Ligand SMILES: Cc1cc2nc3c(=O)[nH]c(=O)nc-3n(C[C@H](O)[C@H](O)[C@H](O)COP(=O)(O)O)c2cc1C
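Only one chain is included here, represented as structure tokens and corresponding to the form predicted alone.
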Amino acid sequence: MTNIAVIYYSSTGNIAKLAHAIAEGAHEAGATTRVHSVAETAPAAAIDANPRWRGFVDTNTDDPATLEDLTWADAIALGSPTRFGGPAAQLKSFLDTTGGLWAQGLLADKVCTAFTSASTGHGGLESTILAINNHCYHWGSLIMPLGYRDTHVRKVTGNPYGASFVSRQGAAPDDDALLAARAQGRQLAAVTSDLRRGRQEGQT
């Protein structure tokens, strides 16, 4: 069984929806999944100023992400909203605690992929995914982009870097974005399963 950890930060819930869609796709492909959110570190005043942000913080039931989730996983999907063209500090703070795992080589050769959302079409969707992947390069992980293998992605959503959504006026991810996320989850599970099978056959 392939283990996939979906680790995300979400302020108003959009990234959480994409995270669960990725997990659904991976589960459809036969993987065991965990969906965990990193800790919220923003000041209460900032959260209270946005009712949707406060509402998500108060109602999110996903367990907190831990480093054990990363060592358990064969593959890791990382998600964050864009913050000035890069990942949110909350996700980066969690990833910055992985130095011990990196030093032990425990994250090497895992398959990683990333996803994001922004409020504008040119708000940094691609650069955020690329910035998230920088951690995976240092870990020695294998980067799996979404690419254009899936017909829906190729003809509709069109982002080969990873599942993404442009949330205009606070809109929640639409069906097109969720379908792309599920495709990314299925692909992550399939690629990781094939990789594990090849390694096992090479050891026999």
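All residue numbers refer to positions in the sequence shown, first residue = 1. For clarity, every value in this text was computed on a predicted model and none was experimentally measured.
Omitted from view is the form predicted in complex with this ligand, to which the following refers.
* Heavy atoms within 4.5 Å of this ligand in the predicted complex: does R83 have any? -> It does: once this ligand is placed as it appears in the predicted complex, R83 has a heavy atom within 4.5 Å of it.
* Answer yes if any heavy atom of I15 is within 4.5 Å of a heavy atom of this ligand in the predicted complex; otherwise answer no. => Judged by the heavy-atom cut-off of 4.5 Å, I15 is in contact with this ligand in the predicted complex.
* Asked: So in the predicted complex, does S119 come within 4.5 Å of this ligand, heavy atom to heavy atom?
  -> Answer yes; at least one heavy atom of S119 falls within 4.5 Å of this ligand in the predicted complex.
* Asked: If you check in the predicted complex, is Q184 within 4.5 Å of this ligand, heavy atoms only?
  -> No, Q184 is distant from the partner.
* Asked: Even though this ligand is not shown here, does it sit in the predicted complex so that S11, G123 and S167 each have a heavy atom within 4.5 Å?
  -> Checking in the predicted complex: S11, G123 and S167 are all within 4.5 Å of this ligand.
* Choose from 129-137, 84-92, 103-111, 70-78 the stretch whose residues reach within 4.5 Å of this ligand in the predicted complex, heavy atoms counted. => Stretch with heavy atoms near the partner: 84-92.
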